[in-house]
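Presented below, as structure tokens, is a lone chain in the form predicted alone.
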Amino acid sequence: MIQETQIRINGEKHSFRPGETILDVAGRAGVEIPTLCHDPRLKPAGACRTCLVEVEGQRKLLPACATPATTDMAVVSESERVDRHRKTLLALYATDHPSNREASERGAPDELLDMIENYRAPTDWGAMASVRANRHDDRNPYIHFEPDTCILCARCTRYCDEVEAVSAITLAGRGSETTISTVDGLSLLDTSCEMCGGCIDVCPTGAMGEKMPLTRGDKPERELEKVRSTCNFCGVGCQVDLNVDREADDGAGRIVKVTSPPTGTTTNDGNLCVKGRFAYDFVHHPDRLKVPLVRGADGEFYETSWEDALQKAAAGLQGVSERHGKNGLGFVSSSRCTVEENYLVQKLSRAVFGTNNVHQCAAT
């Protein structure tokens, strides 16, 4: 008989699987344990110390993100000792961090400020100027770094190393001068950086942010509407959230950034390439076709309905087949289509028009 492995969190018993941490079990059980350096795609680091909890039999508080769950372990996530630790830790973080949201939230919400408010941490411990080096002259067009809001959680450097495997950024310097840097302080364009924006995606304070919405003066992410969509730059089917400012363009709305939170169920698990994250300007390009067009007798294009456009396209294809035979037709699909759309194109070619002259530009 297999014995069920259980752990007690705040007096409640919860089952766990081998290899799971206290944080894994707590998250599944709906027990809130704050984190700043944790990301489910990365190896636990225990760097920020916000997730420390009490474990029966242990003298010190332990990081929930890096402590494996064991049978009959007794964990307390809310106590006077834990609360005192969190308030002290967050108050220390606040001493060299912007205290107002206008200064820190220029592209994304600041989770540290949220945490300071939620746990009522002291904010009167004084302040000191950040001495972390900046890279204002980095000419890359996408990624901005603001050292004042960086808390050295290393999520960005770990993501660059563990997920992207390019190691374009790293922790450099010592003590209070430790900062996020590149080799010799070079521009990201002169490193192995692939401009995937993963560092932006994992940053909990907005220290790593998009230059595009920053230079446009757009609103922070907390004021944007998220619309789930599928990236159409290739056929992988990455899930994205289009962040829309509904008040922009005189109320017409405008996409100002693209995010993709990790879900564990989609093909990309929150990871995007440079095109998926940053190449969204075409949506609002003035030359973008928004209605179907058909060519008139004078050779000019005229707006029409989808029904009329599809009928004329079908008639044109059928006419070529009748005049030159079925192999006079050829169908080329796009790598920007989904797998399902490419499937339909080859069915149209083979089943409807009877030709195997069908290709997809990515040849996948």
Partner chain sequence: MSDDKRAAIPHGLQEAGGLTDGIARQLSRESGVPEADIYGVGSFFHLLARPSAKIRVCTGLSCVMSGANEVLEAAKKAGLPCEATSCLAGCDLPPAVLRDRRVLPSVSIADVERTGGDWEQLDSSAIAPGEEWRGFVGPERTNPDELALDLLGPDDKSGKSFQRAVELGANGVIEAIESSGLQGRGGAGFPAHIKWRGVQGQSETKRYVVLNADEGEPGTFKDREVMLRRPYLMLEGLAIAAHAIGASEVYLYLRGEFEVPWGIVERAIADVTERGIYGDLQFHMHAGQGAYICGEETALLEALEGKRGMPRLKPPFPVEVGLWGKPTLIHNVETIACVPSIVARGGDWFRELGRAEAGTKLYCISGHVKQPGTYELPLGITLDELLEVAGGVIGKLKAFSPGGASSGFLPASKRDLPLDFKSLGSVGSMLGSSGVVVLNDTVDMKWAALEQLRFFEAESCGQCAPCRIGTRYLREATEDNLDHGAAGGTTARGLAHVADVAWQMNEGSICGLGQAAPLPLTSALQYFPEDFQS
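This one's a predicted model, so the numbers in the text were calculated from it and none came from an experiment. Numbering follows the first chain given and starts at 1.
Missing here is the form predicted together with the partner chain; even so, the following discussion is about that form.
Taking the partner from the other structure, the partner chain in the predicted complex has a heavy atom within 4.5 Å of a heavy atom of residue 49.
Although the partner is absent here, residue 77 sits far enough away that none of its heavy atoms falls within 4.5 Å of the partner chain in the predicted complex. Contact annotation for residue 268: none of its heavy atoms lies within 4.5 Å of the partner chain in the predicted complex. Heavy atoms of residue 113 never reach within 4.5 Å of the partner chain in the predicted complex, leaving it off the interface. For the three residues 124, 168 and 186, a heavy atom within 4.5 Å of the partner chain turns up in the predicted complex in every case. Proximity to the partner chain in the predicted complex, defined as a heavy atom within 4.5 Å, holds among 66, 329, 337, 29 only for 66. Checked against the partner chain in the predicted complex, the residues 236, 244, 163, 89 give one hit for a heavy atom within 4.5 Å, which is 89. Judged by heavy atoms within 4.5 Å of the partner chain in the predicted complex, the contact stretch among the candidates 79-87, 197-205, 138-146, 252-260 is 79-87.
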